[in-house]
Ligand SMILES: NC(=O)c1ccc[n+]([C@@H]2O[C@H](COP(=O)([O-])OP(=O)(O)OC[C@H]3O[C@@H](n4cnc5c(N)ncnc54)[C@H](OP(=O)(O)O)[C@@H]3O)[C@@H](O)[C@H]2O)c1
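Coming up is one lone chain in structure tokens, specifically the form predicted alone.
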């Protein structure tokens, strides 16, 4: 097997207990011999994950805390420093997709919660961990943004804003540290994970499921894409047919794409989009 630059490295992964984060943990350990520190909030899921890792569980450790709180990252950094742990790579994967809704339906607390998880958690983690990461011979930071950062659609105002902020931040910091640290920006399209759990809908009809399957990428495939992108130290990674369409469409046709997306959402009749176009 060809040696990869992050083989046997120590990697920190946030949002490690499910979805893309869980898949990355498994691949980094099983295929690249990495020691992975997972960050999550759900201990039950983490313990189940350890069972799934089997004899590879030795390479996995975890910390439970809310990534949206600055003090938690400060404490985490202090603890691993005192333990003599020197991470090489940070993957900011934790994120939340607020329910599709019209902006005025969101409370300020809800908005702040989403922005703190999707954007500020990355600011905090990088602020505290970069001094340590830069001591590595080959450091890397990968921030998982979203296709929503490439083209905003109705019902995702808060989510799109938080992910666009992360995209812009990553692109700027990449230039500031060019030659000193690898920065990867991932903009995945909709992925078959539990990210839709916040939608709180009961729309499980065959039609709705077919519609979702048409625009979502299998989690395993998305993980493969990210690992391959990291292997080649790609700067910008856009994965998923929907993500590519949003990126190209927005660049070529601008607001027309957002307008067309709204029409498709209305026609779909899916419950998760209902509140976006409500008349109240």
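In this text, all values refer to a predicted model and were calculated from it rather than measured experimentally. Positions refer to the first chain, counted from 1.
One more form of this protein should be noted, the form predicted in complex with the ligand, which is absent from this view; the next part is about it.
**Student:** Indicate whether the candidate residues 106, 152 and 258 are all in contact with the ligand in the model of the complex, with contact defined as any heavy atom within 4.5 Å.
**Tutor:** No: no residue has a heavy atom within 4.5 Å of the partner.
**Student:** Tell me, please, which stretch of 170-178, 91-99, 78-86, 131-139 lies within 4.5 angstroms of the ligand in the model of the complex when heavy atoms are compared?
**Tutor:** In the other structure, the partner sits against 91-99.
**Student:** Identify, from the list 111, 164, 117, 126, the residue with a heavy atom within 4.5 Å of the ligand in the model of the complex.
**Tutor:** By the 4.5 Å criterion, the partner-contacting residue is 117.
**Student:** Does the 4.5 Å heavy atom contact test between residue 66 and the ligand in the model of the complex come out positive?
**Tutor:** Flag for residue 66 set to yes.
**Student:** Does residue 40 reach the ligand in the model of the complex, with heavy atoms at most 4.5 Å apart?
**Tutor:** Residue 40: contacts the ligand in the model of the complex.
**Student:** Is residue 16 close enough to touch the ligand in the model of the complex, meaning at least one heavy atom pair within 4.5 Å?
**Tutor:** Yes.
**Student:** Counting only non-hydrogen atoms and a 4.5 angstroms cut-off, does residue 20 reach the ligand in the model of the complex?
**Tutor:** So residue 20 counts as contacting the ligand.
**Student:** What residues of 150-189, in sequence order, lie within 4.5 Å of the ligand in the model of the complex by heavy atom?
**Tutor:** Residues within 4.5 Å: 159, 163, 188, 189.
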